[in-house]
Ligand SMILES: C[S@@+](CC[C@H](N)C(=O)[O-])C[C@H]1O[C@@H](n2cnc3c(N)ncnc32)[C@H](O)[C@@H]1O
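As a starting point, one isolated chain is supplied in structure tokens, in the form predicted alone.
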């Protein structure tokens, strides 16, 4: 099932890697589909978006703290904080890449999915500034994270698009359970 309120299949696939009491950051949360997914799994979620209306959509959701912040103009609002998981979907601001890695706790999981070059054939976004270059997510995060999965190609749902997606773990000596490929929910 797909739609604007349904969590991405990519995010759902790797959600079992994240403990039920984890601290999760949902970057550019939009309508809150991923914040809701993790909050309903028992996680404490910080959801951030520049649009304050997004916070209104999450106001009744237990375990979600919303912050209205422009991540492209202001300072990183989570300086010094570490999260067990960070989720980014359909958002690209390359200067945040180092902040995302720095904000992951040891053993923390990054789940990232957004549009890539070639998406202009399918609609918006079409501006190259908002489209990942070939292997860009892998090149940006592959050195610092243990990459569990990376994909770069065309999808049909929820609508035809060219995307890249990555799931990686900030590996530490005690992070081996997060590296399980057969994680159960």
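Positions refer to the first chain, counted from 1. In this text the structure is predicted, and so the values were computed from the model without any measurement.
Below, we refer to the form predicted together with the named molecule, which is not included among the displayed structures.
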Residues in which of 150-158, 116-124, 136-144, 50-58 have heavy atoms within 4.5 Å of the named molecule in the model of the complex?
50-58
Within a 4.5 Å heavy atom cut-off, is residue 29 in contact with the named molecule in the model of the complex?
yes
In the model of the complex, does residue 71 have a heavy atom within 4.5 Å of the named molecule?
yes
Close approach of residue 91 to the named molecule in the model of the complex, 4.5 Å, heavy atom:
yes
Does at least one non-hydrogen atom of residue 36 fall within 4.5 angstroms of the named molecule in the model of the complex?
no
